[in-house]
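Let's start with one chain on its own, the form predicted alone, as structure tokens.
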Amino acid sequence: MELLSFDDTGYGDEMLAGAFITVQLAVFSFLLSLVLGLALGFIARSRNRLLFRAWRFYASLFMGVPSILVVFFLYYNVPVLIRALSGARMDFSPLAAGIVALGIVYAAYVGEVIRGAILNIPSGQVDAARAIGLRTLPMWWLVLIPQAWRIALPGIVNIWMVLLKETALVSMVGLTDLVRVADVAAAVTKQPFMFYLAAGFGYIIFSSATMVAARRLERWAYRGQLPVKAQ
């Protein structure tokens, strides 16, 4: 256990710093995927053929290509393309490449979840909102979005869980996240079991915290609709 201490002889502080980078990567890429995915979910419901085909192309591309290839493309190829086309020098840091790559990949999945949630709202809800005189924007804000949010919540949580584990891929372009630090420490100390076990335990902590937060969020989303438990 001395190898996991927080002094000069252990890797505890490096592991903790790597865990912080992992969480930072996961949170920012997830937020980006939510913003893009929400827009894509509404585009997928568009009756405009051009927009719908653009959505299908986007979804097919990023659901079909492994995330690590998108990370590699952004980190290695995009700076070369920008330099060739404009002459400007632009480099992505491993963290920035990871955030953008995972964000645009998982936006496709978020968009599909949002689209499915909207499609699962009974059409009578729209008719009822129209009947009481609600216009389009108030109807979406007051009637449709709250219902779509509850339907989409389990799928969004699953996407977060998968994205959290996918952050480990970004270590392949040099990001000093939890997995990268564990790999370096294992190579130096010749103790792979200890450090990989510690890294896995870190992901279990993240996942467990997510499940607790998800249950509380689900109770909040369904407040006033769940049956009251007997005292």
Partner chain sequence: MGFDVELAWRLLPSLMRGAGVTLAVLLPCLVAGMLLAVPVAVWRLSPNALVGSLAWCFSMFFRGVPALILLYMIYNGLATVGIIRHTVLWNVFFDPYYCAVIGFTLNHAGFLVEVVKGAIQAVPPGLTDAARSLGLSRRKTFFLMTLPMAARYGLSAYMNEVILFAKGTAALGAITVMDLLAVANAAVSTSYDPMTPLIMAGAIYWCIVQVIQKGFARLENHLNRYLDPTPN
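This structure is a prediction, so every number in the text was calculated from the model and none was measured. Positions refer to the first chain, counted from 1.
Although it is not shown, the form predicted in complex with the partner chain is what the next lines describe.
>> Based on heavy atom distances of 4.5 Å or less, which listed stretch (114-122, 86-94, 69-77, 136-144) is in contact with the partner chain in the predicted complex?
In response: One stretch meets the cut-off, namely 69-77.
>> I'd like to know if L31 sits close to the partner chain in the predicted complex, meaning any non-hydrogen atom pair within 4.5 angstroms.
In response: So L31 does not count as contacting the partner chain.
>> Contact with the partner chain in the predicted complex for S60, defined as at least one heavy atom pair within 4.5 Å: yes or no?
In response: Because a heavy atom of S60 falls inside 4.5 Å of the partner chain in the predicted complex, the answer is yes.
> Looking at the partner-bound form in the predicted complex, is K165 within 4.5 Å of the partner chain by any heavy atom?
Replying inline: Result yes; K165 sits at the interface with the partner chain in the predicted complex.
>> Residue-level contact is defined here as any heavy atom of the residue lying within 4.5 Å of the partner chain in the predicted complex; does F42 satisfy this criterion?
In response: F42: no contact with the partner chain in the predicted complex.
> Though the partner chain is not shown, can you say which of L51, I204, V188, V35 has a heavy atom within 4.5 Å of it in the predicted complex?
Replying inline: Looking at the other structure, the residue within range turns out to be I204.
> Judged by heavy atom distances of 4.5 Å or less, which residues of 191-211 approach the partner chain in the predicted complex?
Replying inline: Heavy-atom contacts to the partner chain in the predicted complex: P192, F193, Y196, L197, A199, G200, F201, Y203, I204, S208.
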